[in-house]
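Same chain, two forms, each on its own as structure tokens: structure 1, then structure 2.
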Structure 1
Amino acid sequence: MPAHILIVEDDENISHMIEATLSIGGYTSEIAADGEAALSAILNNNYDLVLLDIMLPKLDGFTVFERKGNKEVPVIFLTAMGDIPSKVKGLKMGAEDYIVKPFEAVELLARVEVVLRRSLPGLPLLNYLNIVVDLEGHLVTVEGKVVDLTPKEFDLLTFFIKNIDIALTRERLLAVVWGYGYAGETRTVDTHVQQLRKKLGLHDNLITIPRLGYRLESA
């Protein structure tokens, strides 16, 4: 069953945009447009994750977070307030993450994915075509045969499989796999993608998108 996410956002366009973004990641979602609606939705349902805006009508996001009490649900704050103090406040209160608007769709998906994996530690196996990725054993098998991948290639493959059908820019891949400090060397990404294609026979599936990056396409 796909993760079900509550979007708390008062701007209609933004909430639809988030909804559309989450649907790309295969998640289902609901929208609450103000703090009170959000609070009752959180208390009366079991969401896998709440994306909570801070500046909201009726009750602000911090208050909603406080009032939800012991209700166990991971929360990512989503706000235009980019200042450090409110970021710290959000995280101190126990939020899982804090995303500053505006953000790219992939970034949102990546953060959501991280939080969900932390709170739903099932599924140690990823499947793609005949490829099985064992996240815990750090093993990749094609039709049962182990394929030798470097750690970076492993991370890259994992990220591609988690973002099936989503075009990923080289910058995004660098940031996710190599870390944010490793900006600039986009050639590194190209080399590793070629290695992945060769080792796993993904020439037709892991395609290059001109001027953008790569996409692993569903069969």
Structure 2
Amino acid sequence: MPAHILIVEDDENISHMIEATLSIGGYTSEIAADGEAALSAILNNNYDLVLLDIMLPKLDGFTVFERKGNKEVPVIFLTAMGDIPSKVKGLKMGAEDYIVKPFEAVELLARVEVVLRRSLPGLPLLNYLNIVVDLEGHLVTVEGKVVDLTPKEFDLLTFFIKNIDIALTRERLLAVVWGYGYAGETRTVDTHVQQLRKKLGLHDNLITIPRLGYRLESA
């Protein structure tokens, strides 16, 4: 079963960006938009990880962490508060990690994977045609042979495989793979798609949708 993660974030755009990013790693997730909802969710459900913002309505993230008591669940604080005292406080409370916003999708996934490796037996493999994606090892093979992909190519491929037969705009791909607020041009996506087609033989499967983006079709 994929890891199930609670996203605690009151900014809707950011929470949905995080949700889409987590899908790259093969994770499922839920969203809580304030501290009270987050605390209730943590106490009444089982999660493999909580991504917890600090500046929240009703209850702040530190208070949520304190009030969860003995409920065993790893926590990564996600916050715009980058000052050293806040970082130290979060880590001394027992958080697994502390990530300052804005952050790139690949950074978030890397931090999440590190934490989950300590609590879960292993991360899943993704399969498409003759391609196998090892999420834990960050490795891609085609018919058993390793194919060298850049980190962004790896994230882009994984996101396509997790969204088979779904039309994905260049803007969404930029937001998810290159990170929230990424200012690069959509040509960046086109270049990386071309490399995936070339390296993995996906010319007939990774389809261009004119004036929109791309779609990876069912095998």
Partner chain sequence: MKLWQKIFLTTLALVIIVVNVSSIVLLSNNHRLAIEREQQSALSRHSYLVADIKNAIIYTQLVERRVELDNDDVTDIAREVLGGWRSDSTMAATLFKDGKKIYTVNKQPAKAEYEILGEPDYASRIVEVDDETYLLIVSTTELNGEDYRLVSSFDITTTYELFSADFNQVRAVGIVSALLVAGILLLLVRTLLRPLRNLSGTTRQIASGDLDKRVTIKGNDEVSDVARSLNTMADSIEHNVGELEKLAESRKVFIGNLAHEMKTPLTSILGFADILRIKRQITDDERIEYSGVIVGETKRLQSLSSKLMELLSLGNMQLTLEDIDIRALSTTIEVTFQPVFARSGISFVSDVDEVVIKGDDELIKSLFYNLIDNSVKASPQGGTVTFSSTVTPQQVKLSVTDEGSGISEDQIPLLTEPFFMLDKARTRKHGGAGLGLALCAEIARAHGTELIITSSPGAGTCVSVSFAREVENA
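Here, residue number means position along structure 1's sequence, counting from 1. Remember, predicted model here, so these are calculated numbers, not experimental data. Just so we're on the same page, rigid core means the largest C-alpha set that superposes within 1.5 Å between forms.
- Here, the chain labelled structure 2 is taken from the form predicted alone.
- Once you line up the core between structure 1 and structure 2, the Cα of L52 stays within less than 2 Å of where it was.
- Here N163 counts as shifted, since its C-alpha moves by at least 2 Å between structure 1 and structure 2 after the core is aligned.
- With the core superposed, A37 shows a C-alpha displacement below 2 Å between structure 1 and structure 2.
- Look at L173: with the core superposed, its C-alpha moves 19.9 Å between structure 1 and structure 2.
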